[in-house]
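Encoded as structure tokens, the following chain is the form predicted alone, with no partner shown.
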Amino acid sequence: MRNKAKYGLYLGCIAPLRYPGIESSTREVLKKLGIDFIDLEGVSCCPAPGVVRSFDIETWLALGARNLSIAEEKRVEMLTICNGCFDSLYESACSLDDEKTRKRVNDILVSAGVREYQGTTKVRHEVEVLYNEVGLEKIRSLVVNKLDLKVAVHYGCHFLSPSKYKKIDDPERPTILDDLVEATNAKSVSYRDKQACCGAGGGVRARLPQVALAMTEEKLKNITEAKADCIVTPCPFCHLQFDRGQKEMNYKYTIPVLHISQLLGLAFGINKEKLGFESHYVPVKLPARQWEER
């Protein structure tokens, strides 16, 4: 029998450790929307696709399979709030659809005393669930603060690609996140190289931080030229790169960065303390009063 909850919330590493406001706002938004979810106790790092997979695919798959098996045991779909986690777990699940691969990985799990993975877990991203399962009409109906904001939407690299398997939206000209943003009454602004990487992915931030920062600065320059009030992303790692990156540039730019859950929380009138803006490096100073105390 299926667990009452439909989703198992997979938080990843960055949100709970570096930006707890992303976690708390996600929880509040899911509750507000009536989405049934449970915590997936005992899960680990996804693990990061741009690092672990690059060095050892078997280790990457075994760690991913262990996480997937926890959701499988609870009979819930895995709900991710991070592009990297989504990509790593989604592609792990796709690879483990192959019976020979799954058997090989399960042998590793069994040797470590871990439950075998049967290959039934579905991996979802919060943005796709909000758009396809909840719907824009429901989201609009819950907006109590119509946001008067110009938003620079940043999709990130791992949300839509590889599009051959994910088939969420057009990877070159997506609109799914823009539509969610505009359901809050905010305006998604167009800007140059919108689909470019934030600079952090693929281990670039760890290995070549100055290269990563140069990529971030190019995006920030283009966003500034578009006169955006803030950046909205569905990925805590992209969030970190934009937010901390501005600190690393000695605040040459000061554009607030919000996760999509935080923007929706703002629109839904969720208490600002639950949104966790105090953990951001760039103060979230938005034009006019954008929230009501609840």
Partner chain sequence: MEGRSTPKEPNFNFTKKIMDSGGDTLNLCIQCGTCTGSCPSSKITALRTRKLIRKAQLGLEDEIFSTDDLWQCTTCYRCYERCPRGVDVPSIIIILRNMAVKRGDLAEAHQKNAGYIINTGHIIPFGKKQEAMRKKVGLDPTPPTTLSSEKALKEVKAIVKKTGFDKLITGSDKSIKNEESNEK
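For clarity, every value in this text was computed on a predicted model and none was experimentally measured. Numbering follows the first chain given and starts at 1.
Another form, the form predicted in complex with the partner chain, is not on view; read the next lines as being about it.
Contact with the partner chain in the model of the complex, judged as any non-hydrogen atom within 4.5 angstroms, is confined among 137-145, 152-160, 183-191, 92-100 to 152-160.
Of the candidates Cys45, Ala226, Ile35, Ile255, Cys45 is the one whose heavy atoms come within 4.5 Å of the partner chain in the model of the complex; the others do not.
Among heavy atoms of Ile108, some come within 4.5 Å of the partner chain in the model of the complex. Contact check for Val52: a non-hydrogen atom falls within 4.5 Å of the partner chain in the model of the complex.
Among residues of the shown chain, Cys230 is not one whose heavy atoms approach the partner chain to within 4.5 Å in the model of the complex.
Not displayed here, the partner chain is approached by Arg115 to within 4.5 Å at the level of heavy atoms in the model of the complex.
Of all the residues from 167-189, those having a non-hydrogen atom no more than 4.5 Å from the partner chain in the model of the complex are Pro171, Glu172.
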